[in-house]
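Before any questions on how it binds or moves, here is one chain, the form predicted on its own, in structure tokens.
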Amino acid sequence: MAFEEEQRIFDDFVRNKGLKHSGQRRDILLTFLKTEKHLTADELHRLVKKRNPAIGTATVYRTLRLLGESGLCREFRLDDGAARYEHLYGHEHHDHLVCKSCGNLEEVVDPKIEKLQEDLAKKHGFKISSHKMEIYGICRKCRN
């Protein structure tokens, strides 16, 4: 997988903020981009330490904030309150199915649901700027 576009966006963003693009930030960026998962900062820290044991938790948090500001990821919180980060750049809008037993998150897209949401907003004279939908339950694996 090539992440040249995301790296360019991040490099430009960091440079425009007057910050240096350190090797640690690059390691965090690449680890995040290679992990197609909804990660907490601690999970990302554990993964990136395999690549660079010198990286501290605070550096991961600061880099995630920069990734969010640059438009490459977004932070979201589920019912458990933990902040998670997901890829944003190049990813289409989606909703989440969340297992209350194992914590698994599944990304789902359904054009009919999106249309219903648009119709509902229109009916009430509401202009949507963004939305998120999370459905909580028990996944197939945990039910079996």
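In this text, residue numbers run from 1 along the sequence as written. All of these numbers come straight from a predicted model, not from anything done at the bench.
Only in words, not in the display: the form predicted together with another copy of the chain, which the text now covers.
Practice task
Could you check which residue among D42, E36, E106, E69 gets a heavy atom within 4.5 Å of another copy of the chain in the predicted bound form?
Solution key: That would be E106.
Problem - Sole residue of R46, K100, R65, H93 within 4.5 Å of another copy of the chain in the predicted bound form, by heavy atom - result: Looking at R46, K100, R65, H93 one by one, just K100 meets the 4.5 Å heavy-atom criterion.
Handout entry: Partner contact for S130 in the predicted bound form: another copy of the chain, 4.5 angstroms, heavy atom
Key = S130: yes, in contact with another copy of the chain in the predicted bound form.
Exercise for the section: Check whether Q117 has any heavy atom within 4.5 Å of a heavy atom of another copy of the chain in the predicted bound form, and answer yes or no. Expected result: Output for Q117 is yes: heavy atoms within 4.5 Å of another copy of the chain.
Practice task
Spell out, yes or no, whether the shortest heavy atom distance between L19 and another copy of the chain in the predicted bound form is within 4.5 Å.
Solution key: Heavy-atom contact with another copy of the chain at 4.5 Å: absent for L19.
Practice task
Considering only heavy atoms, tell me if G81 and another copy of the chain come within 4.5 Å of each other in the predicted bound form.
Solution key: G81 belongs to the contact set for another copy of the chain.
Problem - Joint contact, R77, I113 and G137 to another copy of the chain in the predicted bound form, by non-hydrogen atom at 4.5 Å - result: Yes.
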